[in-house]
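Have a look below at one chain only, the form predicted alone, in C-alpha cells format.
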C-alpha cells in the first residue's frame, strides 16, 4: 500500500511544479505582442512597468491599462485594455511583479541601421507636417541653411528658420524645428484682396518653386529663391489681371528687412499700382 501513496504524492508535486505563475495566461493573450520581460520592444519591458507600478500602485496600474496615454514618446501608444476584466488585469499585474523579480532591463539593439541622410540637390521642396501651420504646408529648403514653411491653405510664407537638413522629417523631432524661426508673418491677410486664395499648385524653375494661386479674378505666381547674399531670400510675384491699386501686408516678427523693387512702403504695407503689381520682387534680408 505504501507504493501507491508515494506515487500519488510524487504526482501531486510534479503537477504543482508545472503550474504557471498567476496571470501568465492573461499576459500571453493581452500583452506579449508589445511587452517582453526585460527588453523594450513595441512597448516598455515588464521590468520597467514593475518599477513604475509596484504592488502598492495596483489601482494606478488598472487605471492606466483602461485609459492609457503616452509616457514614452518614442513608443507607440497602447490601446485601451478596458475590455479586460479587473480580476484579469490584477492577475497580469501580479504576474509582472513575480516574473521581473531580480531582473534588470536589457539594452535593446537597434533593429535597423542608423539613418544617414542622402545627399539632395538644393533647392528642395517637400510635403511634411510642420508645427504652428496648416497640415497642407510645404518645406522649401534653400541653399545657405534657409528653410521656409509655405502654407498652401493661406498661400503665404508662415515662417523661416535655419535648417541644415534636407530631410525635414529627420530635421525635426516630435514636431519641433531644428531651430527657432527668425521670421514669421503676422498680418491677418497677406494681400489686400478680400477673397480667400485658392491654391493651384507649383512648378520648379531651375529647382526653385513658383507657387500658383488665384485670388478672385487675379492670378498670382510667387517664385521663391535665394537672394544675392547669405540669409537673404527673394519672392518674385507675377500677377495676371491685378486691380488698379494693390497692397501687401508685410507685418512680421523677427529682425528682417524687407525691400521691394517697385511700389511704396507705408510701415509694413506695400502699395503698388496695377502696372507695378504685374511683376515685382521682394527681398528679405536678415542682418
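For the two forms, the rigid core is made up of the largest set of C-alpha atoms that agree within 1.5 Å on superposition. Numbering follows the first chain given and starts at 1. Owing to the predicted nature of the structure, the values given are computational and were not obtained by experimental measurement.
From this point on, the text means the form predicted in complex with heme C, which you will not see here.
Legend entry - Candidate spot 213, 241 and 277, all three touching heme C in the predicted bound form (heavy atom, 4.5 Å): The answer is no; none of 213, 241 and 277 reaches heme C.
Legend entry - Option from 131 to 139, 152 to 160, 81 to 89, 203 to 211 whose residues, in the predicted bound form, bring a heavy atom within 4.5 Å of heme C: After filtering at 4.5 Å, what remains is 81 to 89.
Legend entry - Distance check, residue 61 to heme C in the predicted bound form, heavy atom within 4.5 Å: So residue 61 counts as contacting heme C.
Legend entry - heme C contact in the predicted bound form: residue 258, any heavy atom under 4.5 Å: Residue 258: no contact with heme C in the predicted bound form.
Legend entry - Residue contact check: residue 42 to heme C in the predicted bound form, 4.5 Å heavy atom: Flag for residue 42 set to yes.
Legend entry - Residue contact check: residue 226 to heme C in the predicted bound form, 4.5 Å heavy atom: No.
Inset, instruction - Just give me the single entry in 220, 250, 49, 37 that has a non-hydrogen atom within 4.5 angstroms of heme C in the predicted bound form. - result: Result of the distance check: 49.
Inset, instruction - Would you tell me if residue 86 moves between this form and the one not shown by 2 Å or more at its C-alpha, with the rigid core held superposed? - result: Moves: yes, 2 Å or greater.
Legend entry - Rigid core superposition, residue 95 Cα moves 2 angstroms or more between this form and the one not shown: The answer is yes, as the C-alpha of residue 95 shifts between this form and the one not shown by 2 Å or more after core alignment.
Legend entry - Is_shifted residue 46 between this form and the one not shown (CA, 2 Å cut-off, rigid core): Yes, its C-alpha moves 2 Å or more.
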